[in-house]
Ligand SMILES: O=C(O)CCC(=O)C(=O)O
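One chain follows as C-alpha cells, the form predicted on its own.
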C-alpha cells in the first residue's frame, strides 16, 4: 500500500461523544476500526417514504442506462448495479432524511459544529449479474481536505453478507488516503487483497453503517433473489476543500470549497440544524 500522492502527512484525531446520540464506546470503535453500525435510524414509515423516493430515482437511472450501448455507463450497468446521484438537488422531498436527528448528532461528534452534506446517491445492487465493488476509500475518488469526512450507508433493505452489505478493513484509516488505481468496469481500487482480515457490517433496513472516508471498504456480490437497496450520504466540514488536478501527475493544481458543489446542502451551522 502506498499513500496517495497528495497525502503528505496525516494524523488521526480521536473523537468524543457530546451529542448524546451515540455512546463513547461507539466512537471508540469508530476511531479504532473505522466504522460502527446504528440500527433504527428511521422509523418504518420514514423508511417507506425514503425508499419510495429512491425507487423513483433508480427507475429514472435505469431508463437512462437503457439508452446506452449494452445498457451500461461507466460502472453502472442494468442488471448489475445502478447509481442514482444528487437526489438532494433533484428531489427536494428527500432533504429531511439527510437531516435526520441521529445522523446530525453523529455528524456533530465526528466532524464538528459546521457540517455540509457533500454527496448523496442511491445504489441498488441487482441479482442478474452479481458483481463486487472494489476495495476503496471514498477520499480516493475526489480528494477532500480535511481527508476525514463521514459516509452514512443507509440500508433500505436488510443488508447481509449474501446480498452485498459493506465490508471494511479495520485500522487502515489512521494512515490517511491511499493511492488508488482504476479497474475497468469496477471503479477505483486501493488494493486487491486487504492487508488484514475484513469485518462484515451487516445492518437491517432502516439502520446505517457509519464509516470514515478513509476506511477501505467494499460491497460484495448480491447472490439473493431480490435487489439490495442502499442510500449513501456523505458529510464533510463546511470549510472543507476539494483538491483539483491529476494526482499521478504531481501536485494539485488548485482547489474549490465544497460549498461550491451544487449537489450538497448545509446541515449544521454552529451546532444547530439548518432550516
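Numbering follows the first chain given and starts at 1. Only a predicted model underlies this, so the values are computations on that prediction, with no experimental measurement involved.
A second form of this protein, the form predicted together with the ligand, is not displayed here; the remarks below concern that form.
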{"query": "Answer range among 168 to 176, 119 to 127, 196 to 204, 84 to 92 for contact with the ligand, defined in the predicted bound form as heavy atoms within 4.5 Å", "finding": "119 to 127"}
{"query": "4.5 Å heavy atom contact, residue 138 to the ligand in the predicted bound form", "finding": "yes"}
{"query": "Contact test in the predicted bound form: residue 219 vs the ligand, heavy atoms, 4.5 Å", "finding": "yes"}
{"query": "Heavy atom of residue 149 within 4.5 Å of the ligand in the predicted bound form", "finding": "no"}
{"query": "Non-hydrogen atom contact residue 232 with the ligand in the predicted bound form at 4.5 angstroms", "finding": "yes"}
{"query": "Full three-residue contact with the ligand in the predicted bound form, heavy atom 4.5 Å, for 133, 153 and 228", "finding": "yes"}
